[in-house]
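A single chain comes next, written as structure tokens; it is the form predicted on its own.
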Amino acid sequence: MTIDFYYIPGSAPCRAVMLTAIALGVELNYKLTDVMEGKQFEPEFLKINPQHTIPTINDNGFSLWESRAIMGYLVNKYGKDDSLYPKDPVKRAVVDQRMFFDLGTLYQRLADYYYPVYFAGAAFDPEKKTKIMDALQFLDTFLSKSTYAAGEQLTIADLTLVATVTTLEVVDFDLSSFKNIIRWLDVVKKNAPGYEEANGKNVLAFKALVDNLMKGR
């Protein structure tokens, strides 16, 4: 039985879940949920996720949302091994820290800077851009000590972070001063299973959306 997956292609959290599913060989039943049209507020969806957020999965009656929780669940339940999410307490703690860093710092600062402009017509706030730069410097420092975000193998930390960083990349945020991030991006793009299918083409869908929203402003 496949897992119902409520998503929109351009969403970074949705792309991270797609990357994880492909890496695991897990089949998803894609259910496009256009938040711009308010599909997340339809009664059928609210029964699954009262918080009305995407991505959301329904795995044979078990509903879960928040992309990083979904990613961990998929590995724990369907992973043939623990390479994407190590069971060793120390290694897993580093993966968790990187994922929480993405959730609460890097992705959050991206959203704080760009989303009020794209979706509410606000002006760009230079102070919020500086906070993104600070977050990227943290990530660059993490990556100065290892090939991947949490060590020497690809983990779900890389999959959530690459979805965020490539979002910055397609909206022309200048990443050139972050040499370790540039190196890591190249490694993940080459080595994450199904990268182009899950993230490469879909981050361009995000770019197309925001380009359309910004026309005439």
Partner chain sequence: MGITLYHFPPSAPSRCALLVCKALGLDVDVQIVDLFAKEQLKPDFVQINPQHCVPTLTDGDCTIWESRAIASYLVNVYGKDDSLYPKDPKQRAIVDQRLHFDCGTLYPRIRAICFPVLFLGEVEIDEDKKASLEEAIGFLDIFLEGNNFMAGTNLTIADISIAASLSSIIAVGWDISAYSNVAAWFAKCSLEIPGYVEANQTGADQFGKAVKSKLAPGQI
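Positions refer to the first chain, counted from 1. Bear in mind that the values here come from a model prediction, so they are computed numbers and not experimental data.
One more form of this protein, predicted in complex with the partner chain, exists but is not displayed; see below.
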Checklist entry - Is Lys77 close enough to touch the partner chain in the model of the complex, meaning at least one heavy atom pair within 4.5 Å? => result yes
Next on the checklist: Since only the chain is shown here, I'm wondering whether Val117 would be in contact with the partner chain in the model of the complex (any heavy atom pair within 4.5 Å).
Outcome noted: no
Item to check | Contact label in the model of the complex: Ala123 to the partner chain, heavy atom within 4.5 Å | outcome: no
Next on the checklist: Can you tell me if Trp65 lies within 4.5 angstroms of the partner chain in the model of the complex, counting non-hydrogen atoms only?
Outcome noted: yes
Next on the checklist: Under a 4.5 angstroms heavy atom criterion, identify the one residue in Thr147, Gln97, Ser83, Thr130 near the partner chain in the model of the complex.
Outcome noted: Gln97
Checklist entry - Quick one: which of 164 to 172, 47 to 55, 180 to 188, 25 to 33 gets within 4.5 Å of the partner chain in the model of the complex, going by heavy atoms? => result 47 to 55
Item to check | Heavy atom within 4.5 Å of the partner chain in the model of the complex - qualifying residues of 91 to 118 | outcome: Arg92, Ala93, Asp96, Gln97, Arg98, Phe100, Phe101, Leu103, Gly104, Thr105, Gln108
